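Heads up, the chain below is alone and in the form predicted on its own; it's given as structure tokens.
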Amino acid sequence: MTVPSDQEVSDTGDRFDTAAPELVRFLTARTGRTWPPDTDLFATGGLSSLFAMELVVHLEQTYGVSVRGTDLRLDNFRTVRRMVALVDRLRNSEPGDHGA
């Protein structure tokens, strides 16, 4: 399976500028570390798969999205940039578009 690099995840403009700092604050508060937008949170040993579920809840509550089905792939949560791209995509999709 090919995993897209963060260069392939589009910058979502204004949404990235507002969502990324909020996500970094959340991650910093929960882990005590500062996370650059392109750092792989799991590969660096900073986060666990259990914490990924906490991220899902945070994204759903903070951004009013529903993360279901295929969107629950760990790759969507590896970096701040990827999480912002996921939120942006979910906000712009039709209901039921994001996974079975």
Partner chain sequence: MTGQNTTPGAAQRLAVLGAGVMGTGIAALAIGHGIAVSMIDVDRRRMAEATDRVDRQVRTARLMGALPEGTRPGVLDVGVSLADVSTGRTGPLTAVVEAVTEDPNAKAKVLADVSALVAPGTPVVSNTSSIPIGELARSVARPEDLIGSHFMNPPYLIRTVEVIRGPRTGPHTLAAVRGLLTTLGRESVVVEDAPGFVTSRILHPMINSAVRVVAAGTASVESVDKLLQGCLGHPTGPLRTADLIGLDNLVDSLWVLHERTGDENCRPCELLLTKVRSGHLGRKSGRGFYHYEGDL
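Just so you know, these numbers come straight off a predicted model, no measurement behind them. Residue numbers count along the first chain shown, from 1.
Absent from the display: the form predicted in complex with its partner chain. The rest refers to it.
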(message) Checking a candidate spot here: are 49, 57 and 68 all in contact with its partner chain in the predicted bound form (at least one heavy atom each within 4.5 Å)?
(response) yes
(request) Indicate whether its partner chain has at least one heavy atom within 4.5 Å of a heavy atom of residue 43 in the predicted bound form. (result) no
(message) in the predicted bound form, does residue 30 come within 4.5 Å of its partner chain, counting heavy atoms only?
(response) yes
